[in-house]
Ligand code: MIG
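One chain comes next, on its own, written as structure tokens: the form predicted on its own.
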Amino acid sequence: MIRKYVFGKPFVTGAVVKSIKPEIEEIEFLKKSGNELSFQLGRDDIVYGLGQMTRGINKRGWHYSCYNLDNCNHQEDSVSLYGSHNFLIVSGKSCFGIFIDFPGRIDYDIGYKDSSQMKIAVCGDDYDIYIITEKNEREIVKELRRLTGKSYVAPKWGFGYCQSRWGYKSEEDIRAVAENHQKNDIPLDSICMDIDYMEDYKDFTVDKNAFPDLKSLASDMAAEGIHLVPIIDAGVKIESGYEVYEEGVKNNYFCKDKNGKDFTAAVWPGKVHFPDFLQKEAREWFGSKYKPLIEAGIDGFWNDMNEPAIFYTEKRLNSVMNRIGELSEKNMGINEYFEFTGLVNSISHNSGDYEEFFHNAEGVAVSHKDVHNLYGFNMTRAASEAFEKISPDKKILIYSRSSYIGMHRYGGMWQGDNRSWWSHLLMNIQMTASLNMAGFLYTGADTGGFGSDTTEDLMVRWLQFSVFTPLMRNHSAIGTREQEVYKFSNMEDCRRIIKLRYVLLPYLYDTYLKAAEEDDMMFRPLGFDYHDERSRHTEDQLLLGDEVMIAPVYVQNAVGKNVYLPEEMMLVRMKSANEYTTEILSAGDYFVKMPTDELTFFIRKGKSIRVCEGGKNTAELSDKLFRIGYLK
């Protein structure tokens, strides 16, 4: 059951697709004082949700701010990340879900200042609250999905292995990646093209010197079963003669400043304007710009920098530089030094800049800070709706960095710019379940880590987890260790795991489609299915569909890990489609050895999974299917 409560005059975010009649009585479960909601937490209550956030599956004990932020150096003490997913489930004596549909900032204190209190502060007067009550957590998630709509279904090739790096600077670099995968017998379905393919980082352009014939390159790759997936950024470069810029200015498609002029900030190409994605006409215009790339043979994209990220604004930069000039003339002591470093760090991604520009929402000027969390949502909506017109008979792959609940109808999301840290591998495991709760099924993190230098041990362990996630992308930043797996001495282990992705693909894709169709989760915490205390507090094992449990290794130099089985399960050790062993284990605790040259997972009692003999890409998957598990 869903109850809706309306406060003020909420902005229509587009998150909800189902009409619910508002309640007139007091809000259920929560106390409301002004724009603060509170709930008395029971000693054993678990709080699930918030999608893309740090700190595990149970969010209790920390504070969070849902206000989208480009935060590539996020750590355990971070409170905001790239997406905002204002959905929580309180699981204990009472079990209910709460979704707050509000596009501005919401602050959550979930037992941080007082372990027995959950407090939610909505930074505005106009919002909708939905309270969902069902018999269990899984049914609550299903109700949220029915409220917010069916999840995006990616093309099957989007489940193949993807190789990406910021630093593939030419056609030769792309061809070298493909050739090395083929030479080393490593399956590959797609190669991402980061900002290097563009002409001076301008959206919807191609550097003709580095990529003289993109159409021929895409065609040659397609002949090998490889798809090219270019990046599209939010900021449009200010440059006379650049068609996208001039059309946007002419038709008032860009966000405005306080004086009604096109708002100017800076990102990769320098000074840019931001398309006003709250305008239907601007969405249609921006979406139409994907057409030449699609006509050139591109059938996948990733939208980036769409929080929107801001490197600086002239106003803030000038203010900071003036103050730095004053400080530099002094003998800086400790206080001045900290002020100096704070000023430098304040230039980029400063939330104060979001107060400086406005949207035209159906003729009404709306401050960006009040609708900030909708920007990436509507950029991806613009692309998705355009694809239906440009290529109605072909499913286009699209995933985004920034998101809001409801964007799952239009595309997937990757989990942002992470680091090559073991802690980020664990966060990837835990975040995947939380994002599934919010409706995001097509998701995955940058395998091996984006920033910092990965290790061979970390890469193979990360592959052993991401082999199960819908998006399996090896992505890294320029200046970091090159982490294409054929450059590692343990390439054989990595190749074996990547090949097993294709062996498991019949099960994985069917499970994804089932979850999308039935408004369900693909990944769930153990506590959603098993209600004993151990299961409720296990955060490093996940259920995958109704058949599989995974327990990934996320510790350096580990030879295995402690695994809890809430019931009898079958342990599967797999090296290839034709080389695997199974063992029935009764419920209990085990130390399970997990070598790097095999994939270890568990099949639930009485279940089996459908697999195949693999292939070098999804187009060439073997049609020889067989089952592993409890067979009659």
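One rule holds for the numbers: they count along the sequence shown, beginning at 1. The structure displayed is predicted, hence computed values, not measured ones.
Keep in mind that the form predicted in complex with this ligand is missing from the display, and what follows is about it.
This chain appears without its partner; in the model of the complex, the one residue of W166, F340, Y512, F263 with a heavy atom within 4.5 Å of this ligand is W166.
A single residue from the set M521, L88, M305, M427 has any heavy atom within 4.5 angstroms of this ligand in the model of the complex; that residue is M305. With the partner left out here, this ligand still marks one of 379 to 387, 316 to 324, 296 to 304, 495 to 503 in the model of the complex; by a 4.5 Å heavy atom cut-off that stretch is 296 to 304. Contact with this ligand in the model of the complex, defined as a heavy atom within 4.5 Å, is made by none of F254, H273 and H368. Mapping the unseen interface onto this chain, I195 counts among the residues with a heavy atom inside 4.5 Å of this ligand in the model of the complex. In the model of the complex, H359 stays away from this ligand, with no heavy atom inside 4.5 Å. Using a 4.5 angstroms limit between non-hydrogen atoms, W414 touches this ligand in the model of the complex. A residue is said to contact a partner when one of its heavy atoms sits within 4.5 Å of a partner heavy atom; Y530 fails this definition for this ligand in the model of the complex, lying far away. Heavy atoms closer than or equal to 4.5 Å to this ligand in the model of the complex belong, across 217 to 238, to one residue only: I231.
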